[in-house]
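Okay, so we've got the same protein chain twice, two forms, each given alone as structure tokens, structure 1 and structure 2.
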Structure 1
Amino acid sequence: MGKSEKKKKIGNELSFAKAITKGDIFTKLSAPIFGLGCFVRGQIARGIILLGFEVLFIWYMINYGLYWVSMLPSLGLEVPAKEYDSFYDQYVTVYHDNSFKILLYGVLTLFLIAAAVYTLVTSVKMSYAAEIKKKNGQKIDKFKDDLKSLVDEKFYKTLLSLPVLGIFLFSFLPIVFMILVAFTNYDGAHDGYITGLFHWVGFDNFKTLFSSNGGTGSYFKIFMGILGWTIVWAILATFTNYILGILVAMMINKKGIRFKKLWRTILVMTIAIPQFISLMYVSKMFDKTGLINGLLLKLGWVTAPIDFWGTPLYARILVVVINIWIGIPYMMLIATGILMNIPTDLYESARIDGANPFQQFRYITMPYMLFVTAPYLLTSFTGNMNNFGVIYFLTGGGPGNSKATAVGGGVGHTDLLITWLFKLTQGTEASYYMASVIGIVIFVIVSTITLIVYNGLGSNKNEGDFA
């Protein structure tokens, strides 16, 4: 124990500045020649890994990296052109620079350079640590010890390396790339290679989104319309499910109600069925020729089929109602567990004080639920803002908005920002830059809400626990 504490102390004291100024010549030379210090101190395997990384890095930079990075500011110069091919004896289209790859590999190379700098610092620090240990007559860790610590003290490194690498490459990098795309003109007509190069345009895309040129059909008007509906939808979807789900859970939990397990199982079964099937099927039920209209006609309640999905107001009401159908079982499940935890003496004393069931719900159940499930409410609100599945499978965003002809994607009356974003990435007229701009807007909105609510929650929590 004592030994490892000491080791930690040395590790903490080490700073790159100190190592490079106070270290011996080998430590200093570990900066240009990675791993030199380790070689000298007998840590051969470490030295080989560090040096190997440096050699690979330099080889990569000379052969590829420098090209990608140098092209980043322009995103490619040579456009596709017809050129004479002597072999085939005819003019063929020759593709040169590829903006997409330049942006992708350029960014990747920048990260690689950062990694190289980090390794340089590590190399010097490692050398200095070993140098001090040698001076103090301490044992220097061998490669075997390093490996051993990877399943013990530094087990976290082993466990995290793969998942974090995956997140970096498949979540983080794509998002960095797409943020950058928002500042280019990357779209179907400028795909960076075949249809044409794309280049940097600064804040032009943001200006387009926020410009009100074109009156009621302008980007800004359409965007505000969709944003407004997205927020209305998120509020309705979240709170209808929340309150109704709690009420259903309370009904099933009520003393004297039998077959509790049966009611629960019936509702839970609907969670089990993949949502896309229920949504697609229910969507078709409300078609002009669907089951609901068939039933209404048979009952004689209507004389002509109702065009549920073709009428903006009906479509909007229906998606909220169907979302209740989808969402209540989840909320019922969550609420059931929590309701059982509410101390029963709270209700008893309320009853003695003459509180009716509604007052009990209003003043005991709801505050308790809100307190316990506040984080869930937040994630469910932001989740509903981005609820792609329900909208896309039910209406596909429709009915179409005839005013929104000037903007891309074919916007409809039930489109959320997220479904609009998706539509903008489809087809040959895809406008990837606009999709990216909207993605950034969604991020700003969601993170603002999250921050505000979390700060609010923080102050609540400090006031102490409920009850």
Structure 2
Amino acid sequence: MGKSEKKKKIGNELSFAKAITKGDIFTKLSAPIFGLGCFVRGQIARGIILLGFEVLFIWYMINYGLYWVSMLPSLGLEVPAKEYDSFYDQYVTVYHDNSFKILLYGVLTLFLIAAAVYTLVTSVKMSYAAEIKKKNGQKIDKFKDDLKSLVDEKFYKTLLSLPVLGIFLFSFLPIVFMILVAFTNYDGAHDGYITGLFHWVGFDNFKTLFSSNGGTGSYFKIFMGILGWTIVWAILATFTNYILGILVAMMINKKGIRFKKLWRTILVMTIAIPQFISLMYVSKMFDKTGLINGLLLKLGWVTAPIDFWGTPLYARILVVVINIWIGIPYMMLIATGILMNIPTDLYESARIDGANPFQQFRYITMPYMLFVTAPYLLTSFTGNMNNFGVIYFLTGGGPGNSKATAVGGGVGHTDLLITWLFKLTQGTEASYYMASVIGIVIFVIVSTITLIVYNGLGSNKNEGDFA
């Protein structure tokens, strides 16, 4: 039996339940005393690491962890209160519990407990693996063998360790925290420390969002209106950039076109300029007193300034058109590379068969482009669903929607779900809990669309096959 086969056999024999029931006394004691079995069998480095983690875990739980976990059900008991200060001879506000920190550190502690349970299982399984090897007369891995393994057959673990840690700290943990906030009354009046503690409210916030009580001023009516515009915006912003970007790339690549490098350079320059600067400048251009209105008045085409940003239809059309100007250069660069790789014999065969340019575009260019760029098209759509910058810097979500009351956070006609979420977190009456609920809904909608479409893509099902 080869070395790899022996390792595979031992790996198949390893399970926590089998290790606990069939392992010797040292393996069993490796559950309460991490790394004991490793120490006994000469794996000193493993034993030190496992035992060191257990010692630190116990120290943390005694000094901090137990407190944070015990406070999670209530999210704080002592509210800010006025207390007499004999030194200043006056009443001062004394702050006690902090709901925000309790929720944050409580969640971190729960993850740490889960890590401790995983380490316990690992400790027992490592001890049992060493026990089996010793019984079979095999060599027990030492510290240098572990290090060698991390740069050899387990090198993937070495490479993925930092990215996985980063994803956990900066992506997964904030998502969990956001989800939990949706089940509290965390807002401007209950910030968890200064203005007052917040507490659990169960599914009340979700009931508020999806309840139509309150007519046009209800969260549900506002949500459905913004959701409809968000989907329309995402479709228009995605496909206008996509189609026009391909057409621009085809025109520049067409034989006989002069100064191809110049046209590409001009388009690429729009990418180099910081987007928020361009958007803010264009926003000022279309003001009542802006460059566009000034030019129209000078030419005599209008008798009074046009309120581009104050008229809902004009504002929505403008944000779509301006987004085309921003997005075409990206798609042009992508399309240029793909067009150069389409086999020329396909076009030659089509011309011999009598296909005109439109038919060649329809049956050769577009199918090839869609096959290759379908994942990009999908990510572009989901990105436009959450395109905060274009809307925020151009219109700020305006013009205001008179049908949406203050309960909606000052909703405007060009607001997307993401910009509405941002507005809900602003001001002294910020509704963080409702913003979290909407964030969850956005995640569910976008992830559902992404998974359904991605699983149906031809480029995903038949990688490398285009016909």
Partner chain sequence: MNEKQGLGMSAKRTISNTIIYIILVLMSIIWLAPFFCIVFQSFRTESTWQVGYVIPQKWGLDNYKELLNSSFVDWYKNTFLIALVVCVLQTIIVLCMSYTLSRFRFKMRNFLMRFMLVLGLFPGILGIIILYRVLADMGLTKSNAVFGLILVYCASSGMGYYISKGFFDTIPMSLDEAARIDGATRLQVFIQMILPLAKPIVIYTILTAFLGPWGDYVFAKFVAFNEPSGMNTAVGLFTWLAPDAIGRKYTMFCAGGVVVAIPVTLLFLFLQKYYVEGVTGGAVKG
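Between two forms, the rigid core is defined as the largest C-alpha subset superposing within 1.5 Å. Numbering for residues begins at 1 and runs along the sequence of structure 1. These figures come from a predicted structure and were not determined experimentally.
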Form selected (criterion: the form predicted together with the partner chain):
1
Align on the rigid core first; then say whether the Cα of G137 has moved by at least 2 Å between structures 1 and 2.
yes
Once you overlay the rigid core, does the Cα of H199 travel 2 Å or further between structures 1 and 2?
no
Rigid core fitted, is the C-alpha displacement of G47 between structures 1 and 2 2 Å or more?
yes
Once both forms share the same rigid core frame, by what distance in Å has the CA of I20 shifted between structures 1 and 2?
3.4
Relative to the superposed core, report the C-alpha shift of D146 between structures 1 and 2 in angstrom.
4.9
